[in-house]
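One chain follows as structure tokens, the form predicted on its own.
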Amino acid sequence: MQNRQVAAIFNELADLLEIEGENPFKVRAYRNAARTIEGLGDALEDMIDRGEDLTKLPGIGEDLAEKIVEIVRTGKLSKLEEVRKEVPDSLRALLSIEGLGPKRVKTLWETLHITDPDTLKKAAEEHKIRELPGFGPKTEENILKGMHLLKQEGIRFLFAEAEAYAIDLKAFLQKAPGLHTVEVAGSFRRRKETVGDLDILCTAAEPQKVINYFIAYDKVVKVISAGSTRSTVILQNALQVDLRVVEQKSYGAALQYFTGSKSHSIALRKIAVDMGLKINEYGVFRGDKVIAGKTEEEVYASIGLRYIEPELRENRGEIEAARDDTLPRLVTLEDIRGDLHMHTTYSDGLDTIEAMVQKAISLNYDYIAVTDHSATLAVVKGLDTKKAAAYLEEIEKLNSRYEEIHIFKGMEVDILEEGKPAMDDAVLDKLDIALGAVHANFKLSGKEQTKRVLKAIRNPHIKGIAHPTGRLIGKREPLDLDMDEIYKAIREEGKFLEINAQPERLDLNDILIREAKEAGVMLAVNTDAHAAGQLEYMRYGINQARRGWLEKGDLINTLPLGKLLQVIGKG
């Protein structure tokens, strides 16, 4: 049981209890527990095995500690099972629509008897929702837009959500009798930002034993099929998993085939046909003779191509680059020297500046930027002028104490509607790195929104733009921006764009990352961490960077400290 799975259970419970009208303090306790758990550096399962006192964790009392143990030991929470029986399952889908939190879902349920997306759509189209207190025509319009986005996304899971199950399943299968190799393929292996299902490939001495072992996995709630070499199951979170056991001699061909993408594989098959060959999941054939198939490398080599990393396999020019020997040498997590966006208890973070510093040191970082929020958004209790003075003083003290790492004085500053940073120049003058970010007024026209961000980019205090398009995957569409104009301004001003590694953001997306690279824009992968453990989200941003064809030299936070100081104008 991964930490993220435990946190997801508490978040779902909080949502359902809020829909039921439960005491707000109890709801908040579950949400805070989820945030604490997501930010942990240690696995809860390991902490429990070591007998550690979970009540020492922030916001975790005896009751919550008991519930954590129950989840880790059994894979479920009896309290959640009870509440699920009281709230219609279809209501949960409404929580994925932009603008519909639990309170509004509760109102829709109680006043209009809306229990699913279909009845919601009908009510919105008949303009019944705008009449409700706290809604109005704009909210009604946004709900319809959000439903369109939900329909486009379909039933998909954030990569990080699927990762928790993929890791657990792979570890489980590695103990199967007679298993030789196991790998998770499909869109998960290509590191797509959302995953529809999990495709797992195995080789084994006795396939049937592996299949029998697989369907006994304790998180399986439904077995769709269980043949001699293939099985399909549904997990407790509704994620479908397909397992295939293949012969070792075909493993490479099967791994390539089931990793995809479909478009990439079709293109490979066309090349093979032109060469008088045939490629399928069993190997590469010349007539009836198998000429390749044990490894992916030999499959690609058989048709005159260099090995192509899974993240690139989208038929976006990678095949031509492999043929011409011009594939990028993709950036790796080990290339990262620091993280330039994180939050602490000075705004909406869970951990102190010192805790973030210590975690960064454990990751062997050379530098970090602490970038707490400006105080524009009341919900984050950010930095005003007075609070900023104490914040900057503490960073200076910690810089003196920790010689092994450099701590940049930073801030994530709201970009106001007119494009001005929401902080006094006197404070901004004292910062090393100010990140501009849009946190409100998302619905401006493309022209107004672009003008707003361009003005921020041209402000001398702003060094970079955080989560540039403002999207939340499957929940909020990106800002309407002229990205070509944004790239041009960033390049001319010597600023950088962020690739935000938060699992629900992953902003920029892979297409925009590649565009930015080709436009000569400086980029940085940052975690936007709100707890020390979230500094490990860097891997999600690196996935995104690799899908965008980035190399080490494309990211400023792969630079040594001296060169980075020059880039941000502090050297």
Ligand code: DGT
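The first residue of the shown sequence is 1; numbering continues from there. Values in this document were obtained by computation on a predicted structure and should not be read as measured data.
Separately, the form predicted in complex with the named molecule exists; it is not shown, and the next lines address it.
Here the chain stands alone, but in the predicted bound form its contact with the named molecule, taken as any heavy atom within 4.5 Å, falls in 197-205 among 68-76, 436-444, 213-221, 197-205. Of the residues T139, Q449, T376, S187, just one reaches the named molecule in the predicted bound form with a heavy atom at 4.5 Å or closer; this is S187. A heavy atom within 4.5 Å of the named molecule in the predicted bound form is found for exactly one of I361, I266, M275, I291: I266.
Using a 4.5 angstroms limit between non-hydrogen atoms, F258 touches the named molecule in the predicted bound form. The named molecule in the predicted bound form is not approached by R323, whose heavy atoms all lie more than 4.5 angstroms from it. Under a 4.5 angstroms non-hydrogen atom cutoff, the named molecule in the predicted bound form lacks K170 among its neighbouring residues. Taking the partner from elsewhere, K262 is found to have a heavy atom lying within 4.5 Å of the named molecule in the predicted bound form.
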